[in-house]
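Given next, in structure tokens, is a single chain: the form predicted on its own.
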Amino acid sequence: MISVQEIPAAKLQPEPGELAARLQTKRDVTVAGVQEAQAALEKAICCRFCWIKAPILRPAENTLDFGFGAFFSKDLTKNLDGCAEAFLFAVTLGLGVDRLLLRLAQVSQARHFITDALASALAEAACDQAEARIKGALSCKPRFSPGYGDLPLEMQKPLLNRLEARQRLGITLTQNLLMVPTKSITAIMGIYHENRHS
């Protein structure tokens, strides 16, 4: 069963290191305009996430199947070592953020850059919160997303379909396999079982 939850925009705070990396600056440097950008984003964000638990099948060496097709990935296979099940999930900040960024791109490149960087950092923060809610007290592996390492980006479409992300979160894919809304993340998170260890 697919579950859906919301995260209030006011509850999202960027991790300082993540934000500094996105802004291409040092962690302890204060960038003018960030507070203004965060206030604007709080009005635009409609953050939601959905998830499902799936068994992990291993039809061949370094090949994994979560119920929507088999995919070859040495990196994900290593990440999921010792796991028999995984959480599949998707998180989005919503289309309002894309509309805000489109307006800013036409008004101020500087404001657009700062807001875009902050939105990306907030998407990661949303993913962190979603992960914490999904796993609860369970022990899980670090999340792993399509396009990371050798996991093909082509996995994005069947993963989103399995999550019914279009209907539940409004997430669609472009022909280049980029998600819309752009500040969206999909991930796979392996679950440790009490009697198994990696």
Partner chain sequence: MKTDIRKRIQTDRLYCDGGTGTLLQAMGLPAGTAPELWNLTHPEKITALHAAYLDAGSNIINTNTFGVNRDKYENYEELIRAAFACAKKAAEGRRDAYIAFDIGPTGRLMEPLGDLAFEEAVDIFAANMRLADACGADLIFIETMNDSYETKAAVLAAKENTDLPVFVTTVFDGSGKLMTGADPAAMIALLEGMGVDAIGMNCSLGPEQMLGLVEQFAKNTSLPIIVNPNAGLPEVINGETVFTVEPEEFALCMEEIAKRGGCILGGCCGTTPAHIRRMREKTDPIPYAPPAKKNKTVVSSYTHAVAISRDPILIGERINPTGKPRLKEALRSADMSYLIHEGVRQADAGVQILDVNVGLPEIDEREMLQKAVVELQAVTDLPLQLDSSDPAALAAAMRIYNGKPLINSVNGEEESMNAVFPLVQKYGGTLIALTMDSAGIPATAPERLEIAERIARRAAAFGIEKKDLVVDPLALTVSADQNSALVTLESIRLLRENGFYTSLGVSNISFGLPARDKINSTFFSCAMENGLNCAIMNPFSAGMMDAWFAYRALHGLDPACSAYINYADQNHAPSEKPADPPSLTLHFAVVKGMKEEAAAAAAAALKSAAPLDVINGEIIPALNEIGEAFEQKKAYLPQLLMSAEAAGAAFDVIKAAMPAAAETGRTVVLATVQGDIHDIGKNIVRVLLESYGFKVYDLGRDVAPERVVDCALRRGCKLVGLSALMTTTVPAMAETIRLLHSADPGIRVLVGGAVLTPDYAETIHADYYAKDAMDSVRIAEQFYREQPE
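The structure displayed is predicted, hence computed values, not measured ones. Positions refer to the first chain, counted from 1.
Form predicted together with the partner chain: not shown, discussed below.
- Among heavy atoms of K26, some come within 4.5 Å of the partner chain in the predicted bound form.
- In the predicted bound form, the partner chain lies within 4.5 Å of some heavy atom of I114.
- Among heavy atoms of T172, some come within 4.5 Å of the partner chain in the predicted bound form.
- Put simply, L95 is close to the partner chain in the predicted bound form: some heavy atom of it is within 4.5 Å.
- Contact with the partner chain in the predicted bound form, defined as a heavy atom within 4.5 Å, holds for exactly one of I56, A40, V31, C140, namely V31.
- Residues with any non-hydrogen atom within 4.5 angstroms of the partner chain in the predicted bound form fall in just one of 130-138, 143-151, 58-66, 31-39: 31-39.
- In the predicted bound form, the partner chain lies within 4.5 angstroms of at least one heavy atom of each of the following residues of 84-118: L95, D98, R99, L102, R103, Q106, V107, S108, Q109, A110, H112, F113, I114, D116, in sequence order.
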